[in-house]
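Before any questions on binding or motion, here is one chain by itself as structure tokens, the form predicted alone.
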């Protein structure tokens, strides 16, 4: 394993204690609480093997099969998280090895976002993707604590500090996550800063606070909730994937991007559920919208309300099913109980939802 020197053994119990204390602090000081999942053992060996054999190469590269077979930091983070949930230490190590050697090559400690097998060189864009960095750091920290592996904990801490240093930004009265360290700030775009609310992986913030307490992670979490509420207050009640916060004004669709609730934003409710944040009123409105008698999961223009594309893959269908289970205890439909991997992204969403249901809502499955 190529990696960083291990920190003292005392870091592991400190990390576990800090996560628990900070989670409790968030819950008591805000109207919404973050309740991290246990993760380990929440995915069956059969489901993980079906996923791993289709999307994870022996090198540890997680392959996006609908996007030119590229790899990206988001996919590596998801792969680490799912390997941990399946209790597969060998695959976790392989995925981490690829991530460390191929993506963690920036001088600032963040991961490059894209690795193209057909590119010369493989790295054609050295910018980071902040959600990928969060997922990687989170999975490493949770694995370090679960498996008493200090190499993972040390790497997680370095990455969390880099995220805090390079991607947090002030926007009006809010503290936001920039989607990348370059190209999205107020000085980079006329309509900047530009954010993507699906990059707020809410379950990660108590862990980031434990790893890098010098940054205001509780505020990032709180302001993300506030921005989501603002972005869903219009007639259509859906956030655009890419949002401008120019001059601290009401969130609006960013220039140069389709004004759509699309493949990015549809994972926001899953992130809220995985963090235990079921009290948001917007989730009930979305549950109604996603019901079979209405639109279902779809790509929707947030200005006109028109549907551009309906998404029927099993992985997308699992999202409203998980939402109905968490909010009302509705059982998961029989066709969704057996995993049938298709493409990387919906298959990933399926397993993230299924691991949540297996731990928090076993009565539904």
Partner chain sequence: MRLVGSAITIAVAILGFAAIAQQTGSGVSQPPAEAPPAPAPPPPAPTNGSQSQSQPQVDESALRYFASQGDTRRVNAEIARLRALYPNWTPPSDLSQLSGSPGAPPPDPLIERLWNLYREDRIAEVRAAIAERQATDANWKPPEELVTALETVEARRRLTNASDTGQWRTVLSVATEVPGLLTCMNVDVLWRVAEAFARTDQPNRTRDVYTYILTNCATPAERLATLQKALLVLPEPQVTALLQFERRTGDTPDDFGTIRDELARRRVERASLDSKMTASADDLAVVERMIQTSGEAGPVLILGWYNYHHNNPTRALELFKTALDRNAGPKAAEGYAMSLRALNRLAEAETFAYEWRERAPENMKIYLDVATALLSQDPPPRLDTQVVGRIVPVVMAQRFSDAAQALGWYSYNTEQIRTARDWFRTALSWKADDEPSAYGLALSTQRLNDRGGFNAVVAQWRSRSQRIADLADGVNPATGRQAVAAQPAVPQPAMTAPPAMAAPVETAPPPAQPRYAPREVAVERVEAEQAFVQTEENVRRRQTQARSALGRNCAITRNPSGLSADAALTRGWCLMEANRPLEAVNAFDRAIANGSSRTREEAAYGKSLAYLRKNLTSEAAIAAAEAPQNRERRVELGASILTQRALAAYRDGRYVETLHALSERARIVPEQNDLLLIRGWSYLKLGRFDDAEKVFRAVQQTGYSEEAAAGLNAIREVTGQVRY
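Positions refer to the first chain, counted from 1. All values reported here derive from a predicted model rather than from experimental measurement.
What comes next is about the form predicted in complex with the partner chain, which does not appear here.
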property	result
Any non-hydrogen atom of residue 293 within 4.5 angstroms of the partner chain in the predicted complex	no
Contact test in the predicted complex: residue 328 vs the partner chain, heavy atoms, 4.5 Å	no
Contact test in the predicted complex: residue 334 vs the partner chain, heavy atoms, 4.5 Å	no
Close approach of residue 271 to the partner chain in the predicted complex, 4.5 Å, heavy atom	no
Contact at 284, 309 and 354 by the partner chain in the predicted complex, all three, heavy atom at most 4.5 Å	no
Option from 229-237, 201-209, 84-92, 69-77 whose residues, in the predicted complex, bring a heavy atom within 4.5 Å of the partner chain	84-92
Candidate from 126, 219, 189, 170 lying within 4.5 Å of the partner chain in the predicted complex - any heavy atom	126
Among the candidates 277, 145, 104, 175, the residue which, in the predicted complex, approaches the partner chain to within 4.5 Å (heavy atoms)	104
